[in-house]
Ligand code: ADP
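There is one chain below, alone, in structure tokens, taken in the form predicted alone.
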């Protein structure tokens, strides 16, 4: 029987050898997913190749190979690029080859009983493509030329820095159209599933049946169908969230990443890949153009563009030269009254907007009715028993919920500590704002979109189509409404508390504050009516809020960049976050102390120019009943990876402690 090399998605960076399944020739196994015995378990693996050096294997002691149990796929789905990309991911994201392959080709994809193969549908561009302005046309010309003539990543990778409403989407579509007409395929990434309804409608209207839509909400059978359709060329465009970057096209011409600054392009779980980095790798592999777009690009991306590591394209004005929104900052200092979240200026602006039959967006980045429940007598705050975080009061239904582990508790009648009945809610959340809006504007039709309502998949589309078709007057929500939506009749945006992200202990807190204000405010004034935004804030003097008011990205970039350089944070270094977990808090602290000593010794002995910080308790020190400590490593990526390579065996020293490593984390919380 033939011996095959199989990658198994476990945290051991090696491949394994199995005997081919009985009565199946190796050619019908290689390149497919297979079910294999692994210890006491049965796992989905990936058959990579036939092993020729059998004698070398047989010289090993206790040599006894197990047989492949089942071949899952009826055709090869693992190809050369998959294996090379898996090697890149293994080296750069500190994961095994098997774990990397399982990100590229999901083990959970399920083949339907019958797969119909058909030729790609004929492609006819819609006649409704709008005319481009000079800035847009220049961008399309530059990118189209790069699709035809690949030279190097610096010339073929682009950052489109365009103000909100400047027509970036139309540039993407024109460039994708050019790629398709020249016999190539395209991938377009969007940051949130909430944007899928809008983008699917826009892209499919333009390109028809050659578009596939990929995100976490589709079934395993649909994922398999889409995977095979892109592999066979039945579709030419893959539109989706982060993992759509792995669409198995054989001739990619362009990869587009919209709202490139969003954290959702970074996977936190192992392997902690960054879809933007995967896009650059695949772009070079296929000699394709990679286009990133944002009104508020990340500091890392913008610095790369300024240093000519990619081509910078600026769109300084809105379509049809529409004015940018007028932004008014209202200080919350000495203004808040008990029970009232909306200031009189905000209420007045909403009243006038509704009277004109226009629409408004109300933004608050906290869901629930109130952030916490507290005893007035002893100041006890109700915390989740599994996580070191306060539980959130929800009014519908009345309960306390943990937004991390999902624990739900009925409202207490008395304080469990002092037995007082003086229990009160404090803070604010979207449910509470919704109640206040309903009382202030009883005839207004309000739609709330946050993680609670969005748990119903159809609500994403309901929000988009409802606002677009004038079924709702006010869209209320959290950060999922802050990006991408394009509603011509929205003339007012109200940001209830612009300071939320400023208080987080993270080096990106100012950047995220600037981005969220700019992006939310940018949802208004896209039609014929001038847009206005009101920002309620306790920090009106903060530079992130001041520069957001004037739409001044350049000044914000210079200010924030100088702070990052002084503190030695990205984009002036790379970062790795090591998370140490144990159910016993004392044990967690001891193991974290031991680990940093090992890492410091290795770094010193090998003269690695790295800064190690910690250990320190995570921002949420206990999660899912597990205590967490963090160690932060700052330096150049090559040296961080070298440290991890040299200390590769350290996990064996901590048998009852989990240790996770994330390269370039989106936050340090």
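Bear in mind that the values here come from a model prediction, so they are computed numbers and not experimental data. Positions refer to the first chain, counted from 1.
Not pictured, yet referred to below: the form predicted in complex with the ligand.
Comment: the ligand is not present in this chain, but in the predicted bound form one of 459, 169, 561, 243 has a heavy atom within 4.5 Å of it, namely 169.
Note on the partner interface in the predicted bound form: the residue among 508, 403, 526, 282 having a heavy atom within 4.5 angstroms of the ligand is 526. Exactly one of the stretches 377 to 385, 301 to 309, 157 to 165, 541 to 549 approaches the ligand in the predicted bound form with heavy atoms within 4.5 Å, and it is 157 to 165. The closest heavy atom approach of residue 133 to the ligand in the predicted bound form falls within 4.5 Å. Though the partner is left out of this view, residue 486 does reach within 4.5 Å of the ligand in the predicted bound form, counting heavy atoms only. With a 4.5 Å cutoff on heavy atoms, residue 319 counts as touching the ligand in the predicted bound form.
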